[in-house]
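Given next, in structure tokens, is a single chain: the form predicted on its own.
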């Protein structure tokens, strides 16, 4: 029996992941705005601190795994997206790392998105603000974008930045050097409350509907949860800093030759 923390555990991918872990006999400490062991608002500094401290108390200082699934998306405000999707995840990753290092071998799955590669014109200075931990600057940059495109840019930017952060951290002494495998799963269109909220919007909805999905339409949270549970298992122990796209082929269709990109020494 292992102990896991799952943020966003009350709905969508987080809830499906929780259900599968508990069905396998594991203990899950959920973090969400409601219906969770830890009720916390990850959009605020205080909420993030409470989420970390309460989770550490409930796992008694040792944690076998973490799934950072909490997130919001278009058409909610870009400021809220930035606060939850980057800074909320980052705080949990950093704050719970000591408990993960205390376990014999821990696994972490960050929920990314195929929006990291198919959202056009994400400003590089926004990514830099995220990675520098400058929340005020990140929010300023997204609020300069007209609504509802502020939330689209914030979502793609936050997911891109947290994915880059995970890639950098995963291979470090603090993470894999401490026996923690850190990887990212990048879903596409999944039938969650986040997707439904966007579909109902007069501007965001048509953009979502126009996204090509070669496999034939949005998937369900249970399928993504199956991938996450696999990535938490010993079978994934050789995965480190991997970004696994499970998006129905959208990324491959839109940019088939963009990845893999051959290694070049640049002067």
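Numbering follows the first chain given and starts at 1. This one's a predicted model, so the numbers in the text were calculated from it and none came from an experiment.
What comes next is about the form predicted together with ligand NAD, which does not appear here.
Screening 22-30, 229-237, 40-48, 57-65 for residues having heavy atoms within 4.5 Å of ligand NAD in the predicted complex returns a single hit, 40-48.
Shown alone here, residue 93 lies farther than 4.5 Å from ligand NAD in the predicted complex, counting heavy atoms only. At the 4.5 Å threshold, heavy atoms of residue 182 stay clear of ligand NAD in the predicted complex, well away from it. Remark: residue 11 counts among the residues lining ligand NAD in the predicted complex, judged by a heavy atom distance of 4.5 Å or less. In the predicted complex, residue 71 approaches ligand NAD with a heavy atom inside 4.5 Å.
Just one of 194, 127, 118, 103 comes within 4.5 Å of ligand NAD in the predicted complex, counting any heavy atom, and that one is 194. Contact with ligand NAD in the predicted complex, judged by any heavy atom within 4.5 Å, is made by just one of 111, 108, 153, 161: 111.
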